[in-house]
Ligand code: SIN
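What follows is one chain in structure tokens, specifically the form predicted alone.
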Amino acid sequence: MQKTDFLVIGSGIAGLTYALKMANRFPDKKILVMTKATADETNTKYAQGGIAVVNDPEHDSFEKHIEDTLVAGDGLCNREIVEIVVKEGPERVKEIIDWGARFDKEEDGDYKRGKEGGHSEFRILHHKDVTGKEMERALLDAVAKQKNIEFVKHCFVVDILTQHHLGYLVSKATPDVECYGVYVLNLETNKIEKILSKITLLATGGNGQVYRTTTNPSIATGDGIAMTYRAKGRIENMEFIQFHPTALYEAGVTGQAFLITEAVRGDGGILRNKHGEAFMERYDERKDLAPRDIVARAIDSEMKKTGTEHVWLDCRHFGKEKFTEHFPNIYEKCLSIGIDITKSMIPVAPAAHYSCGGIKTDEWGRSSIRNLYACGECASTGLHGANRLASNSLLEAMVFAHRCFADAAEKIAAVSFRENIPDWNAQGTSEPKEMILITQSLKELQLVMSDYVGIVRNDIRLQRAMRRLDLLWAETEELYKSSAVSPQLLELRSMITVGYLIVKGAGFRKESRGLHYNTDYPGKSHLVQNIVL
């Protein structure tokens, strides 16, 4: 058993920002950061485009950024939260610059600012096409200098500890459900350990691996959302899964797809169909810079019309020098598979990218479970509504990491450890005899979600998906009860839960709004509401 004052689950921009602030505020308290892979293997690392922030008052304003965010969110954003994030954003960006993050600059020393879909102004700060990786590097360097932050790598959190583990019946209606820490599978010892914490932050990232093709790394399996739901915490708006319009298409490749950042279109990249036609003008007056939900549906429509598995992104007019200055990573990747962007177009197709829903939080990042906070992609703060505006995610993570820190710092003195939590009981379990029971279920899940709960949905597809998920859930729970736990089994369990929540939310939403498009309900309902599960 371990004890820590502050437990942080996840080492992306949200978790590290929070941990760093806590370490500076409380040099005598212990901060434990847990990750199931290495410290830098996070969704943050793969964020290419940049961070949206108003820091050019001559050409931009808070009001413009707020309005762009509200328009993209299609009526479901919480305006108060949007204003908080946009207005507090510049200070948070200044902090990460002070911690060492380097954003590209013009020759006169001013920052280079990009423009992406849905933005009315050039406001995206970036570091070439590896912005997230650069921000992660700066944070890890700053964290390494703190003596009271301990990293625990290769550990898989199994469950959140609540009154349930003390023998009480806990339901959604139970008032004051409390978090006391977690059970965690130590992958080095293969033992389940107990970690008690006064305050716990979930910064576990997204859930793109629920789909067959995603821009997310293999670790993005929705664990934080799933364990919060099992602990009877509130989950919100899971039906809004953002498909990035332009992932690199490679025939036969599934799993993590290489992202072609929206900034390429911001710099003038043009989407074309198999006939070479620039088709976006048929779908939206903003053409290639329409919000992501519109662009992804347009590409999906063109692919179905022409019977192709991808469209093309035309960057031939850029010139090599311009492209490689801003997008060196993309240039090298394309070249490695035989595509010279100065001569050939890039094959692209939509891929699951970002979850706009997640653990329901308030304006301070508090979940519905006491002493449990959530921020970053696993949280539903009210910022994104039905569709996230490009490059708002890194900004949201930093703003809410600060807000979680500020609130938890005030509460820590009144919180004590709950000592009488029982140890993990593995009695009656054995090693699974066949891994195919897990791997095949995962393939089935990803097929079901991709084929039935993708960019375009309808009631029959959703009903089929739910029936198949019910069966997968029953089989996996039976396996979970009889088997010694493994990372593969735990991730499968998380992904089935997340898949269920996506389908359940989609089934409840009898309209088409933002990222949720149901051909049985093509219009918007007059009742604008969040789906809370």
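Just so it is clear, the structure is predicted and the values come from calculations on it, not from any experiment. One-based numbering along the sequence shown.
Another form exists, predicted in complex with this ligand; not displayed. Remarks below refer to it.
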Q. With the partner left out of view, is E116 within 4.5 angstroms of this ligand in the model of the complex by any non-hydrogen atom?
A. yes
Q.
Please tell me whether any heavy atom belonging to H244 falls inside 4.5 Å of a heavy atom of this ligand, as the geometry stands in the model of the complex.
A. yes
Q.
With the partner left out here, check for me: in the model of the complex, does some heavy atom of A390 sit within 4.5 Å of this ligand?
A. yes
Q) Is H353 close enough to touch this ligand in the model of the complex, meaning at least one heavy atom pair within 4.5 Å? A) yes
Q: Pick the stretch from 431-439, 298-306, 390-398, 85-93 whose residues have a heavy atom within 4.5 Å of this ligand in the model of the complex.
A: 390-398
Q: Could you work out which of R292, R123, R403, R457 is the residue within 4.5 angstroms of this ligand in the model of the complex, going by heavy atoms?
A: R292
Q. Of A142, I195, L372, L259, which residue is found within 4.5 angstroms of this ligand in the model of the complex when only non-hydrogen atoms are counted?
A. L259
